[in-house]
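Okay, so we've got a single protein chain in two different forms coming up as structure tokens, structure 1 first and structure 2 after it.
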Structure 1
Amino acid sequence: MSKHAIIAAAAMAAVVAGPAAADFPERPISIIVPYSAGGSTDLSMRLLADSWERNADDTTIVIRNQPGGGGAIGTSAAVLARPDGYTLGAAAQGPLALLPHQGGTDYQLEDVAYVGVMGRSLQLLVACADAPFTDYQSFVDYAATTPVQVGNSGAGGANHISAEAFAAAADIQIESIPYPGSADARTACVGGHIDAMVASPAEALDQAEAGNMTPLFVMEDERIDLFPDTPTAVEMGTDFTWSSWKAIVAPAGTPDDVLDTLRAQFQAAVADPQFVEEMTALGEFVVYEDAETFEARAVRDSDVARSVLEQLGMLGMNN
């Protein structure tokens, strides 16, 4: 190869490799939200974008909504984008860790480079009106011999998976009852049409205070402030935790130095007091997890979901 050809090849390699971290970013970074504008994920990501820009000089964040397919369309667009750091994804548990097992997606968890977690959506199990149990122990004792009807916000969704996974961990019997959404499940619960349901703390608080629901346990390692008298499954002897999450991912293959920059900027944005205050006002639980912790959480949730879906005969059902 001639000297000129070598120089030309080196120049081309530099163009393909893209800018070094010292030059990144040189243009706006897009975050694809796989849901419609105005929802909780969209609002959270817009607050993140504002904080990111406040805390990272000369960085512009653009939010792009790309809904459809239960979050699969936007997630696909993000994780299969050119891996240069300029297209990121608003990552949610459902489309990233659950849907690939059900089929119909053109991506898998292996297509992801992890940036970090910015928040988690906590879950608890509540007894509904007229349920034949009122606390954790009476619930598992009853469900050990009699199937309990547990409502959720959709077959194959996070609430469905968490209820079935807990039932397996606690060795109890449940009959999952899917509804079109959490509001429908809550209405059925308050009306006494089902025995229990998986709910967020915000969904359960008012109804619990009104006496229409009774919190049984929280799906966390430790008790939470909104329900200080409600135990965790862990403290009651069942090693089970579960929560949904809001996070940021990049396409696999994004250069390490670019990822380092993104991760540092993301961490600073999530730690910003104004961001925390604004997220809290939305009812969001702000928690930062680094890329390594996020990856471990996503892989664990994916493994749990695969096991549950296999037991239910739902693996690849959308293929």
Structure 2
Amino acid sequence: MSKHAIIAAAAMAAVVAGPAAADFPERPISIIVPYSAGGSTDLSMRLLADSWERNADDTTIVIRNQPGGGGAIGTSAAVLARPDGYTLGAAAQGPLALLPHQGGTDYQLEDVAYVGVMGRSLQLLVACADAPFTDYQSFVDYAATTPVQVGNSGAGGANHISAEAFAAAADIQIESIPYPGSADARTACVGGHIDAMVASPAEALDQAEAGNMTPLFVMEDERIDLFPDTPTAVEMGTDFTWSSWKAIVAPAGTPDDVLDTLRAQFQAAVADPQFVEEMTALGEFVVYEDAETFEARAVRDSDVARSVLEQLGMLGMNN
């Protein structure tokens, strides 16, 4: 390549990147939600968009729903978009850290630039109606000899992986029963058609009060406020934690100064008290994590998922 060409390319890059950085954002930023309108990710993102616009002057956020393929279609659209900061993705654990290992996606975890985490979705294992166990110990004892049917919200999804990962860690036998979504799994659980399921605290709280579900353990390091009497797996002697998350990513290659602006605005939006209040009402657990922490978390989840999927024989099954 001639010297002139290099200079010309550098000049062009400067022209392209220059104004974008100085006045970013000049037009509305879209966040692609890889799920249908009305789901928990969608509602969380709409609350975030409200808060973002309240806290950053002149920034407009547009939510676009591109559902399908367990989140792969919308995630692909976000991750492979033009890296100018105007197209972001609502990042979820499933499509980002789990699906690429199963194949059939046209993106990998390496294709994203991290913006930040806005919330973690805590998870519990609950016993369903008529299950032959009522607490952690009786569950583990029972499942040591008899396979327990554990419902999840989709083969290869977050609930499936976490249940299987726990089974491996606690050395128990489970049979994963996939449902099309968490609402369907919950219905089956309350109806006693499965023995146990992985549930969110919000899902479990009301049903536990009504006596339709019994919380067995929390997949955290420490007990959580909503379920002060429910132990963690860690304190019962099994080294296992798992949580899902809601976050924002940009396509890899987004200019650094644009990313800095986005990260700062995102942080302010997540810290907004009204946002925290609304998210809490929705049953979400608001936690801000910066890009670095987010990256470490995503990579770690991706590694765990890889080994679980390998054991299940699902690694690269759609390639």
Partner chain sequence: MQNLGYLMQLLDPYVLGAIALGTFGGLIIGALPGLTATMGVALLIPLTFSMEPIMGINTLIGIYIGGIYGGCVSSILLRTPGTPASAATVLDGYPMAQRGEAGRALGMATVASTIGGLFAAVVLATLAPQLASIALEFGAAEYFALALFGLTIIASLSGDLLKGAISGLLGILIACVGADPITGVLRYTFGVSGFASGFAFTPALIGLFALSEVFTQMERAAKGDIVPLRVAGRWPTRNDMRESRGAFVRGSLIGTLIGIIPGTGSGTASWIAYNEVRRASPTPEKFGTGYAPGIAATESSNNAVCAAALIPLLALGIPGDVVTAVLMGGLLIQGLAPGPMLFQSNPEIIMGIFGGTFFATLCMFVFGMALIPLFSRILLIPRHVLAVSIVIFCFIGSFAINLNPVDLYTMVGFGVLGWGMQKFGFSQAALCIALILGPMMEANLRRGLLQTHDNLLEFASGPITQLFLALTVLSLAWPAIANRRARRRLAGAPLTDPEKKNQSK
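All residue numbers here follow the sequence of structure 1, with the first residue given the number 1. Superpose the two forms; the largest set of C-alphas matching within 1.5 Å is the rigid core. Quantities reported herein were computed from a predicted structural model and do not represent experimental measurements.
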{"query": "Identity of the form predicted together with the partner chain among structures 1 and 2", "finding": "2"}
{"query": "Residue pair Ala233, Thr134: same rigid group between structures 1 and 2", "finding": "yes"}
{"query": "Rigid-body rotation angle between structures 1 and 2, smaller part relative to larger (whole degrees)", "finding": "14"}
{"query": "Leu205: CA movement between structures 1 and 2 [superposed on rigid core, Å]", "finding": "2.4"}
{"query": "Ala129: CA movement between structures 1 and 2 [superposed on rigid core, Å]", "finding": "5.1"}
